[in-house]
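Listed next as structure tokens is one chain, alone, in the form predicted on its own.
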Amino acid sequence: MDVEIHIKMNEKLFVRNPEQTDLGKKIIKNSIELIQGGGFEAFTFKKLAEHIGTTEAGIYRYFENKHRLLIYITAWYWSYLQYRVVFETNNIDDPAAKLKKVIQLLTSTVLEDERVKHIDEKLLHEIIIAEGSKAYLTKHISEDNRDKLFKPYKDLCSVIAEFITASNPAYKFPHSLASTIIEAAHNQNFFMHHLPSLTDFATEKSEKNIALFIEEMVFNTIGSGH
């Protein structure tokens, strides 16, 4: 029996829910491919429309603009990653082991999940690494935040912060460390491939070494045994 993953998205992210139509799913699928291939700056609704054989007006019926679409796919990714974190740590009792599992998930190459037919999680992960910060580094971030557009990212941080607190209840900065773990995992991966002098991982290009670095940083910081 085929099992599909359905993630409920904030309705303020779209004009029309893309999950409800074939065209909407095609917009999501192909926008991920185009953004990953050519970058967010070069991505336009005109190019997307030509690529999938529809009109720009047809795409605007789903998304207000390309930035809102970027927030949509990044929010989807954070919700999907939270699902994986919760699922894969559900049977782990040791909070330190849970943290290690989170770090492994954040630093490992993401494989395509057959339970979501119209989203290539591997390509989306690459977008998160290279383009993800563009979703919130804007002049209108306060307005977007009031609309709870970044809630999936915050929810993931809260889950990780809970693991940190469980590892050391006396540690004062669990949410700050949680967001640092996420950003470090992605920044070090990006630097490893594009700005090698900013890392110690460029020679081997090893995701496992990034995980070891973050583990050392985390457990030395919170001061719990691991």
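All residue numbers are counted from 1 along the displayed sequence. Since the model is a prediction, treat every value here as computed from it, not as a measurement.
FYI, the form predicted in complex with the DNA isn't displayed, but the following is about it.
Using a 4.5 Å heavy atom cutoff, F43, Y60 and E64 all lie near the DNA in the predicted complex. Mapping the unseen interface onto this chain, K47 counts among the residues with a heavy atom inside 4.5 Å of the DNA in the predicted complex.
Within this chain, R16 lines the site of the DNA in the predicted complex, having a heavy atom no more than 4.5 Å away.
By the criterion of a heavy atom within 4.5 Å, L23 is counted among the residues contacting the DNA in the predicted complex. Though the partner is left out of this view, E56 does reach within 4.5 Å of the DNA in the predicted complex, counting heavy atoms only. Only one of 175-183, 189-197, 153-161, 47-55 places residue heavy atoms within 4.5 angstroms of the DNA in the predicted complex, namely 47-55.
Contacts of stretch 121-155 with the DNA in the predicted complex, defined by any heavy atom lying within 4.5 Å, are made by none of its residues.
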